[in-house]
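Given next, in C-alpha cells, is a single chain: the form predicted alone.
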Amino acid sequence: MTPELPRGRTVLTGNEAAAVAAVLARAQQIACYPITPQTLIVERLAELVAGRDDVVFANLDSEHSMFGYALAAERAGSRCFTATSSQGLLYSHEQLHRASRERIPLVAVNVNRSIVAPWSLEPDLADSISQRDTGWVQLYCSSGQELLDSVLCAYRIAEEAMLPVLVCAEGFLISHTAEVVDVPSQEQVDAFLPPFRPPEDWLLDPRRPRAFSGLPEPNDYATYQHNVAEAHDRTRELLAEVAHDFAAAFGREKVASLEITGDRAAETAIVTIGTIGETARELLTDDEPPLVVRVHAYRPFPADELAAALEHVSHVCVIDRAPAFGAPGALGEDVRSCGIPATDIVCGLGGSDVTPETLRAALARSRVESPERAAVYLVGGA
C-alpha cells in the first residue's frame, strides 16, 4: 500500500521534503543510487511510489549509470528526478557536462558532503561548487522548506530554459534535521507546474531515427556552447519570474537569486551561501550589524543584483564553505569578478562548526587582511 503524501504543516527532514517535492512534481522516472547522507531521499521515494504504475523507480548500479539513465529518460519525454552526494556527484562529472550541452531539463538534488581526502561524511560545499562550470543551474538552500519549494521551482526553470538544475542542501544540517514544512496540495502544484512538454525535434523517437551529438565542425561545436551560455543568461530573468509565480500560487515568499537582510546602509556586508546565510542573520542584533547577502542561485551567478546590493558597502567579507587551493574560494572569486573588493574567508570545511562567533571572527580577520590575498582559512572558528 502506497503511503499518502503529507499535506499542510508537517514535520519533515530535508531529505523527506525533497522526496515529497519530487512526487508532487509528478516525476515519472526516478533514477536511484543511495549514498550517505542522501540515502533517505531514495528510500522515502521507494515508499511513496510503491505499487504505482505511473512511476518507474529504477535502481542503478552506480551514480554514473544513474545519471545516464536519467538523461535518457528525459530525452524519451519523461519528467525525471534523481539525487546524489559527494563522491557520487564527482563520479558523474562527465554526465553533468553532457546534460547541459544536450539541453536536458533534469532536476537533481545534491546533498552536500565533503570529498576525500581524508574520508568524511560531514558537510561542506566542495562537491557541488567543483561542478559549477558543468552548465547546470545551481540553487543552494538554507532550510527544508526552501528545499521543497526549490525542487518545485527547479522543474519550471529547467523545462522552460531547457537546462538541468542542481538543488543543493547541506548534509545533516538540512538533510537529517526535522522541521515544520508547509506541504502544498497536489492541486496547487499541478496549477503551478504544467506537464512536461519538450520540443518534438529534441525528443528521442524510435519511429523517427536520427543522430544526436555527433562529431561536429569546430564552429558548430562552439555554437552549441554559445547556446548554453545564452540560455543561462536568459535564466536570470526566469528565476525571478518563477519565484514571483511561486509566491502568488502558494502564498509564501520565494527567494529568486539573492536573499538580502539587514540595513542596506550598513558599512559592512557578509556574502555567503547555504545554511551559513541563516547563521549570519544572528549577527543582525549586534551593535554594528552587517548587511547579510545569501546567494541562492549560484549559477547563473547574479552579478548585477549583487553589485547593486553592495553598491554602498565599504567592507565586504565573503564566506566560502569550499576550498580553492591557491586561489580565492569560488564564491569569493565570483564576488571579486563583479569589481567588488572583498576578503574571502574559507570555513566550515568537513562539517566544522560555523557559529555566530565564527562569523564574528571572520569579520575581524577580514578587517586586517588585504583583499588581494587569495583566501583566509579559519579552523575551529578562530
Partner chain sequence: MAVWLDEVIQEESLLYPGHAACAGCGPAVNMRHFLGALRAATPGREVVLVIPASCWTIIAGAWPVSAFGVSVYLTPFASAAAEASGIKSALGQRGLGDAHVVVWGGDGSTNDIGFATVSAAAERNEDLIYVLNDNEAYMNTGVQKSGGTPEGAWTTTTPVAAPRKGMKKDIDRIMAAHGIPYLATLAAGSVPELKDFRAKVTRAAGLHGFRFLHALGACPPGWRYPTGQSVEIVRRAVESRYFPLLEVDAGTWRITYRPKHPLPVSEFLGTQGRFSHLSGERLALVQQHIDERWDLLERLEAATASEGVTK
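All of these numbers come straight from a predicted model, not from anything done at the bench. Numbering follows the first chain given and starts at 1.
Only in words, not in the display: the form predicted together with its partner chain, which the text now covers.
**Student:** Would you point out which of 38-46, 311-319, 330-338, 57-65 contains residues with a non-hydrogen atom within 4.5 Å of its partner chain in the predicted complex?
**Tutor:** Partner-contacting stretch among the options: 57-65.
**Student:** Among the candidate residues Asp190, Asp233, Asp205, Asp133, which is the single one with a non-hydrogen atom no more than 4.5 Å from its partner chain in the predicted complex?
**Tutor:** After the contact test, the surviving option is Asp205.
**Student:** Within 4.5 Å, heavy atoms only, which of Arg210, His244, His226, Arg264 is in contact with its partner chain in the predicted complex?
**Tutor:** None of the others qualify; the residue that does is Arg210.
**Student:** Looking at the partner-bound form in the predicted complex, is Val292 within 4.5 Å of its partner chain by any heavy atom?
**Tutor:** No.
**Student:** Examine Asp287 and determine whether its closest non-hydrogen atom to its partner chain in the predicted complex is within 4.5 angstroms.
**Tutor:** The answer is no: Asp287 has no heavy atom within 4.5 Å of its partner chain.
**Student:** At the 4.5 Å heavy atom threshold, is Tyr33 in contact with its partner chain in the predicted complex?
**Tutor:** No, Tyr33 sits far enough from its partner chain in the predicted complex that none of its heavy atoms falls within 4.5 Å.
**Student:** Report yes if any heavy atom of Ala73 sits within 4.5 Å of a heavy atom of its partner chain in the predicted complex; otherwise report no.
**Tutor:** Within the cut-off, so yes.
**Student:** Decide yes or no: are Tyr69, Gly77 and Pro216 jointly within 4.5 Å of its partner chain in the predicted complex, with each residue judged by its heavy atoms?
**Tutor:** Every residue of the spot touches its partner chain in the predicted complex.
**Student:** Enumerate the residues of 82-105 that have a non-hydrogen atom within 4.5 Å of its partner chain in the predicted complex, in sequence order, or give none.
**Tutor:** In sequence order, Glu94, Gln95, Arg98, Glu102, Ile104 come within 4.5 Å of the partner.
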